[in-house]
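Okay, here we've got a single chain as structure tokens, the form predicted alone, with questions on binding and movement later.
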Amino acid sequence: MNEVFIFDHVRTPRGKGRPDGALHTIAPVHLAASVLRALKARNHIDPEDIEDVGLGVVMPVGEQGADITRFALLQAGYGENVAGYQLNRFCTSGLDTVKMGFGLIASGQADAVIGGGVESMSRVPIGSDGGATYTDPTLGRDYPYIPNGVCADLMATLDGFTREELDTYGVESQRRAALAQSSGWFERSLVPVQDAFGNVVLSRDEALRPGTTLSDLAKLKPTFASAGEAGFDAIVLRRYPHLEAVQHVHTGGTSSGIVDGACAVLLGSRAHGLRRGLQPRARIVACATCASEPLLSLGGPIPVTDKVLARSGLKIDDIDLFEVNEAFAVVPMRYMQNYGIERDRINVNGGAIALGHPLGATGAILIGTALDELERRGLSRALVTLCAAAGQATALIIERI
């Protein structure tokens, strides 16, 4: 296989995913075009070099439908000859576009590609795509659907995590993200978003809640208790009869934030870098995707980590930093518990609880977050992984050059 390198990555700030959020007025195709344009300018990209471009989009309908990537490329000045596709594997989508690009370059089918993602959650809300999963009861006979939040509470119940432990994690995510933002650790990769008149509408992540305390989170009601009472707890208890009840312990303070955002990552071969005078920043060591029990829809990061470590020949102690998407606090917490990872090696600059989770873009964003931090600390390897609905997960290991 050819070696595959990461040459650069950029992202927008994440804006609150609601009508009063700073990015609500920006159409998703413009968000996507902004990062593609910035990546092109920063790296003097010749569009003729780019074999393919993929963007993760979890709600690929309405303004995010019709292969948004192709039209974002046209708007971003890549000309007529660069192809693009959109990909949806729920929350791993952005990471999967990088994995797809890795495959093209490693197999010799391309010298340079772009992966990334975009999600405007204020304009195309969760659930906009519908789907038989939510409406066809015959699909649920063997593997019934439950909301991810109920799954998070189920996992916390199974693993014995308390409300206070989850809240403590949520507070720490806020503290770390606020420190990283105030220290300028995100600045290298941030691309301010401008409106049609060139005015900057957002230059830094908007959803953080600095100063959040345990007493603040203790006042919040469990977010998913009502869904449990509506019948989803009964579904869970039929499958896990040894449980007396599902303890509903996640709140808005321990769940990922709803935000708008976009990201783009430039991948290439060694030959591409030499030809264009680009210095690679990292090498992709290995990647993997897996699926596991659908009812534990957030449990995939552990088996997919086992798979990617085996594929790479590395051990958990060979990884310096981990980015495990904070879909809910229980996901990184059970990950740390399973592998015995110290808290200072995982999500070191906070995560989606504080910064938000623009569904289709997050996986690619986390690659950039990990790489920037490897460089800042002078470390070597990072592992990025996300869970996705219905028990899926993707993981990718990078090594700093």
Partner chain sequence: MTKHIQIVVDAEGIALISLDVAGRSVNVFTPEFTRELRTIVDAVTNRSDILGAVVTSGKPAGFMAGADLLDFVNVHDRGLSPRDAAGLVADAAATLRQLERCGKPVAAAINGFALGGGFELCLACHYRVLLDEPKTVVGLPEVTVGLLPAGGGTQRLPRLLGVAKALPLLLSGRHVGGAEALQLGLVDALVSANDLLPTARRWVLAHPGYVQIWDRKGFTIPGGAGALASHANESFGVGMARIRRDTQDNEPAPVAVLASVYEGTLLPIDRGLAIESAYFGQLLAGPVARNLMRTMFIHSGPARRLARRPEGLPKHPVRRLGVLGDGPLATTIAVWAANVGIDVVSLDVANPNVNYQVLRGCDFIVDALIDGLQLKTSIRQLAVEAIGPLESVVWASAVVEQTLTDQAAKWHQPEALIGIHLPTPEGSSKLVELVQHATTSHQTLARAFDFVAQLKKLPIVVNDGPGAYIGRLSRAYIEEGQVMQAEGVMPALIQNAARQAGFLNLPLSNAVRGDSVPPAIVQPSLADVKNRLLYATALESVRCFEAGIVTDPADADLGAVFALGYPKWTGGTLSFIETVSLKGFVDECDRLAGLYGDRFHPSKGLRERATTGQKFYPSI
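Positions refer to the first chain, counted from 1. Given the structure is predicted, the values throughout are model-derived calculations rather than measurements.
Another form exists, predicted in complex with its partner chain; not displayed. Remarks below refer to it.
>> On the criterion of a non-hydrogen atom at 4.5 angstroms or closer, are D159, Y339 and D344 all touching its partner chain in the predicted bound form?
In response: Looking in the predicted bound form, the three residues D159, Y339 and D344 all stay beyond 4.5 Å of its partner chain (heavy atoms).
> Can you say which of 306 to 314, 187 to 195, 233 to 241, 269 to 277 gets within 4.5 Å of its partner chain in the predicted bound form, counting heavy atoms only?
Replying inline: Of the options, only 233 to 241 has residues within 4.5 Å of the partner.
> Using a 4.5 Å cut on heavy atoms, which of D216, E293, D129, E164 is close to its partner chain in the predicted bound form?
Replying inline: After the contact test, the surviving option is D129.
> Heavy atom within 4.5 Å of its partner chain in the predicted bound form: which of P210, G140, G77, G252?
Replying inline: Contact residue from the list: G140.
>> Residue-level contact is defined here as any heavy atom of the residue lying within 4.5 Å of its partner chain in the predicted bound form; does S107 satisfy this criterion?
In response: No, no contact at 4.5 Å.
> Does the 4.5 Å heavy atom contact test between G299 and its partner chain in the predicted bound form come out positive?
Replying inline: No - in the predicted bound form, heavy atoms of G299 and its partner chain never come within 4.5 Å of each other.
>> Since only the chain is shown here, I'm wondering whether T135 would be in contact with its partner chain in the predicted bound form (any heavy atom pair within 4.5 Å).
In response: Because a heavy atom of T135 falls inside 4.5 Å of its partner chain in the predicted bound form, the answer is yes.
>> At 4.5 Å between heavy atoms, is P144 in contact with its partner chain in the predicted bound form?
In response: Close contact exists here: in the predicted bound form, P144 approaches its partner chain to within 4.5 Å, heavy atoms only.
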